[in-house]
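The chain that follows stands alone, in the form predicted alone, written as structure tokens.
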């Protein structure tokens, strides 16, 4: 049976890319603060960068702020990614950046909204309510989740670096414990982790704790993360396992298609160097 990450791996091979293009229509980047403007902004990015994207990651917040019209715009953008997938003959996964986290029927409703109504292929989730809060999202193995593990924001250490005692003696940072849990929970090949590029030593620790998982890695570029260091710290032994998310570095470029192509090529060159 196909799983989310088997689909993702096929797309990575098809486009020779580990680039995830973030779709974040900041109001300041739009000609007007409207759902239509956000839609047009993202549609241009999708069409310009689809050939170089292993995945797209729309941020739900920048659509929800426009109310019902924003939700329709988000659905249209996900449909546009599907249209580009059909044109290219290769499914480009859409990861909904929503950072949901709840239990029971509420989690089921969030999963239905993301996967059935919007048509997303994966979603970002908070793991802090435990495994039963993510189970409804794992019911269909063709859909995936990326659990917040070690995020790229300055305040991440407030909680994610707290020491946790495992057993009687083993003390690890909370983000390492989350990675270890995710590794054991991933029986359906549809759990990954969000791990920022801004702290490469933490990225290396998480890779050691979860050697098999795919990581969604924000923070390269505008937030100060270094691409080569992130790849060195986080790639799996097979040279895969990372999605490097870039948003502003592409969307604000004079030529987004060229910026995406250059980022894709930079990743390939670093992968080649690391292998040799």
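Residue numbers count along the first chain shown, from 1. All values derive from a computational prediction rather than experimental measurement.
The same protein also has a form predicted together with another copy of the chain, omitted here; what follows describes it.
Q: How about residue 186: is it within 4.5 Å of another copy of the chain in the predicted complex, going by heavy atoms?
A: Output for residue 186 is no: heavy atoms all beyond 4.5 Å of another copy of the chain.
Q: May I ask you to state whether residue 60 is within 4.5 Å of another copy of the chain in the predicted complex, using heavy atom distances?
A: Output for residue 60 is yes: heavy atoms within 4.5 Å of another copy of the chain.
Q: Can you tell me whether residue 237 touches another copy of the chain? I mean in the predicted complex, with a 4.5 angstroms heavy atom cut-off.
A: Answer no; every heavy atom of residue 237 is more than 4.5 Å from another copy of the chain in the predicted complex.
Q: So in the predicted complex, is another copy of the chain close enough to residue 43 to count as touching (4.5 Å, heavy atoms)?
A: Residue 43 lies outside the contact set for another copy of the chain.
Q: Mind checking whether each of 13, 76 and 254 has a heavy atom within 4.5 Å of another copy of the chain in the predicted complex?
A: Verified in the predicted complex; spot residues all out of contact, no.
Q: Between 139, 83, 204, 129, only one gets a heavy atom within 4.5 angstroms of another copy of the chain in the predicted complex; which residue is that?
A: That would be 129.
Q: Tell me the stretch among 226-234, 43-51, 60-68, 209-217 that has any heavy atom within 4.5 angstroms of another copy of the chain in the predicted complex.
A: The contacting stretch is 60-68.
Q: For 153-168: residues with a non-hydrogen atom within 4.5 angstroms of another copy of the chain in the predicted complex?
A: Heavy-atom contacts within 4.5 Å come from 153, 154, 155, 156, 158, 159, 160, 162, 163, 164, 165, 166.
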